[in-house]
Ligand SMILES: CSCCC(=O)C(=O)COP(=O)(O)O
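One chain comes next, on its own, written as structure tokens: the form predicted alone.
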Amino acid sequence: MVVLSVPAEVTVILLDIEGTTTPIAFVKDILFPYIKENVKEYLQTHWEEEECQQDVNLLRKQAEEDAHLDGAVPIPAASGNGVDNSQQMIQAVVDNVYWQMSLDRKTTALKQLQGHMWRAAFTAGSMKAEFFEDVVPAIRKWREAGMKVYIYSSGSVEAQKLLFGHSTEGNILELFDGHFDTKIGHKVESESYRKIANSIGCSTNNILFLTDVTLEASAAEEADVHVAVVVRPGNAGLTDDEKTYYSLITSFSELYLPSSA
């Protein structure tokens, strides 16, 4: 087994989710298709609720900003309260969501609706998050060794908490000291990692960041964060240069903490 020794100054482990703790297949084949298959029914069920109307308003604003884009789908404003009118609007929202998802967009409006739909599915018990089998035992071990463990993902903090709160391993939220999403900055910008260190109250070189995306790894390195690239089944392949340049691990169990020796 390859062993990667964690530098002695590291006191914080920062984790990406998709492709690092969670199989990309779970996100691609379960989470996102769930939205497509259920968005219409969800809107019909929750249409009258304030939260749903806020989601729709946000999507409508986004649609106005997108009006100049190719194939953009407008969402008409509410006019009257007829059943036909709300069915028409629901269909427009569904079409808009499909269009945004087909372009893999990460707009706040789309993420907010997706987050609320996943929340309904997780809390109803109709969906459970999956993790690679080495993840939870490793995190428990790191914590016993006195490490702090944080999550940094492009999915919203709310969505992150849903995953870790409703997983095949049960509720494992207590394993994490905190969560960051793109509100702190994008994962490919080095400034984001400085802000995270600042927020945790440590120096950037006290952090080890585990991710499957080399663009993120490179941004973190620029901020003087330690990095290991996680190689998992289903992840994007690495170039030969990337394989030579980065420290690679295929399992969290390959990290060796000198402090726990």
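Numbers for residues come from their place in the sequence shown, where the first is 1. Each form is matched to the other, and the largest set of C-alpha atoms that superpose within 1.5 Å is called the rigid core. What you see is a predicted model, and the numbers here were worked out from it, not measured in a lab.
The protein also exists as the form predicted together with the named molecule; that form is not presented, and the subsequent description refers to it.
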Using the pose of the named molecule in the predicted complex, placed onto this unliganded form by C-alpha superposition round the site, state open if no ligand atom is within 2.4 Å of a backbone or C-beta atom and blocked if 3 or more are. open
Check for me whether the named molecule, as it appears in the predicted complex, comes within 4.5 angstroms of all of 142, 208 and 255 - heavy atoms only. no
Would residue 118 count as touching the named molecule in the predicted complex under a 4.5 Å heavy atom rule? yes
Can you tell me whether residue 31 touches the named molecule? I mean in the predicted complex, with a 4.5 angstroms heavy atom cut-off. yes
Going by a heavy atom distance of 4.5 Å, is residue 159 a contact of the named molecule in the predicted complex? yes
Is residue 113 close to the named molecule in the predicted complex, meaning a heavy atom pair under 4.5 Å apart or at it? no
Picking from 86-94, 70-78, 159-167, 130-138, which part of the chain touches the named molecule in the predicted complex when contact means heavy atoms within 4.5 Å? 159-167
Are there residues in 13-31 with a heavy atom within 4.5 Å of the named molecule in the predicted complex, and which are they, in order? 16, 17, 18, 27, 31
Once the two forms are fit on the core, has residue 129 moved its CA by at least 2 Å between the shown form and the other one? no
Honestly, after the rigid core fit, is residue 188 moving at least 2 Å at Cα between the shown form and the other one? no
